[in-house]
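Next up is one chain by itself, shown in structure tokens, the form predicted alone.
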């Protein structure tokens, strides 16, 4: 009996994990629109699951700041207002600039080699979209994440990639599909990595901060006009 309970519990966890990933990707990509109401009955039917694992997935998404609870309105997909996005980019510019500086000081030759290979893979991925999209998968496929890892600063990594990461990915999704941005972003990544490879900490930080502030300028232009008022 005990083994059956463990088996069912493990299965439930697996379903919740899969549902979390599916919902997270739907939110980040915009399939689930910002501000849309989370209706458990509809989502359970759509994903073919029971309410238990769905609620667990929703709870985790709240921890990732992708779903928010609004008094008298229930749970909704987070809405990235202009002010919220501005604050995210301000934090990104500061923390990721620091991560590039620290990475330049601490990075190893194998890490440098792996990052050059990663950017070559990114170039191929951009080519497959005819240069129209540069949206990086998360974790080890994410250039910014790998730089933060190379910084060797766990506190920085935790704040960037636990508290902010999925919101950052939502922001980056908007600029990644802007015409001419993919090639420009890849080139900027290569310049940042070159500075890191040369262990030029000051230049690496400057280039990273410039890269992120440039991304914000693009995103800001794409926001609805009413958000500028």
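Numbering follows the first chain given and starts at 1. Remember, it's a predicted structure, so these values are computed and weren't measured experimentally.
Beyond the structure shown, there is the form predicted in complex with the DNA, which is absent from this document and is the topic of what follows.
- In the model of the complex, the DNA lies within 4.5 Å of some heavy atom of residue 16.
- Contact annotation: residue 203 falls outside 4.5 Å of the DNA in the model of the complex, judged by heavy atom distances.
- For residue 171, no non-hydrogen atom is located within 4.5 Å of the DNA in the model of the complex, even though that partner is not displayed.
- Of the heavy atoms in residue 40, some are within 4.5 Å of the DNA in the model of the complex.
- Among 49, 186, 167, 32, the residue placing a heavy atom within 4.5 Å of the DNA in the model of the complex is 49.
- The stretch that touches the DNA in the model of the complex, counting heavy atoms within 4.5 Å, is 50 to 58, out of 188 to 196, 157 to 165, 22 to 30, 50 to 58.
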